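We begin with a single chain expressed as structure tokens, specifically the form predicted on its own.
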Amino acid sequence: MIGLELFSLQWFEIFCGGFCVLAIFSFLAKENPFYRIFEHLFIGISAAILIMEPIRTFLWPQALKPLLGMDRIPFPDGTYPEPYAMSYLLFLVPMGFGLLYYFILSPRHSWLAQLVIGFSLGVGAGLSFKGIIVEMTPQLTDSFRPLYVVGSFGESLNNIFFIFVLLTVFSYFFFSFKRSPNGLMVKSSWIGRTMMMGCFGAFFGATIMARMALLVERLQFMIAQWWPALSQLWR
């Protein structure tokens, strides 16, 4: 890289980044200790970020600072424009309840941690159920489409194909009665399965394209930044 000073902080960042990329890509040959070291390093860094990020973005600015009164800006004489809100002490209730989770480390009092786990699972299930309803309701209402749209042949054809795919895919999951070997439901379910395979293939293709985009970005980094920075060692 032009203008990059040798052994500067930016140079070391680029050098270490390329070294880590080579370590991860070494798994393509076979699993080796070199790869495992950087795999564990990546997992450790990710775990540390997952712990510190909620503290930095939520727990400290939205809970601890108001609780300790550190979000108030004093006047030059040391007084504050508003008194301390005692309602912030209510933050201690959920914080204390959440700290019960650490009783899972105690065989004798582990039942206290089960209270927090059960509460978390209940809240998570409720939010998931709500999310499913919010997500599925627009899809259900959108499935009622007119087969004929005045003045738009393309939209009419699109709606007809949509209803066709919808009914055939539904027929694949319809197991309420016995199907005859050459019946309509058997043929419809085969078409529905074919449609689902095409959909899954499109999802898989999109996933591959996303991974390829990440690969191209890393290759660009290795070629345009890491190799020029490394070549400065023998200039």
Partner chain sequence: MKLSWLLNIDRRIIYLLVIVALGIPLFIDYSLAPAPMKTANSFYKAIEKIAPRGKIVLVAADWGPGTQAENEPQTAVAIEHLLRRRIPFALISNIPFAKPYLEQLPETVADRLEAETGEQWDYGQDWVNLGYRPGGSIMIQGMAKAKDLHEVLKTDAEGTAISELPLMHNVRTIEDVAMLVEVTGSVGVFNSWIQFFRNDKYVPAMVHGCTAITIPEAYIYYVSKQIVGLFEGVAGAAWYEELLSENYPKREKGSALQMMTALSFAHLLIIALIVLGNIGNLAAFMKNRRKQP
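Numbering follows the first chain given and starts at 1. If you're wondering where the values come from, they're calculated on a predicted model, not measured in any experiment. Rigid core (definition): largest C-alpha set, two forms, superposition within 1.5 Å.
The following text describes the form predicted in complex with the partner chain, which does not appear among the structures shown.
Visitor: To test your reading of this chain, name the stretch in 204 to 212, 169 to 177, 32 to 40, 188 to 196 whose heavy atoms come within 4.5 Å of the partner chain in the predicted bound form.
Guide: Looking at the other structure, the answer is 204 to 212.
Visitor: Exactly one residue in P138, G122, P74, P83 has a non-hydrogen atom within 4.5 Å of the partner chain in the predicted bound form; which is it?
Guide: Contact residue from the list: P138.
Visitor: Counting non-hydrogen atoms within 4.5 angstroms of the partner chain in the predicted bound form, say which of V150, L127, L89, L105 makes the cut.
Guide: Contact check passes for L127.
Visitor: Is V134 close enough to touch the partner chain in the predicted bound form, meaning at least one heavy atom pair within 4.5 Å?
Guide: Within the cut-off, so yes.
Visitor: Would Q220 count as a contact of the partner chain in the predicted bound form, using a 4.5 angstroms cut-off between non-hydrogen atoms?
Guide: Heavy-atom contact with the partner chain at 4.5 Å: present for Q220.
Visitor: Is G183 close enough to touch the partner chain in the predicted bound form, meaning at least one heavy atom pair within 4.5 Å?
Guide: No, G183 is distant from the partner.
Visitor: Against the partner chain in the predicted bound form, would L68 count as a contact residue? Criterion: heavy atoms within 4.5 Å.
Guide: Heavy-atom contact with the partner chain at 4.5 Å: absent for L68.
Visitor: For the stretch 35 to 58, return the residues whose heavy atoms include at least one within 4.5 Å of the partner chain in the predicted bound form, in the order they occur.
Guide: S46, I49, L50, E53, P54, R56, T57, F58, in sequence order.
Visitor: Does F164 show a Cα shift reaching 2 Å between this form and the one not shown after rigid-core superposition?
Guide: No, its C-alpha moves less than 2 Å.
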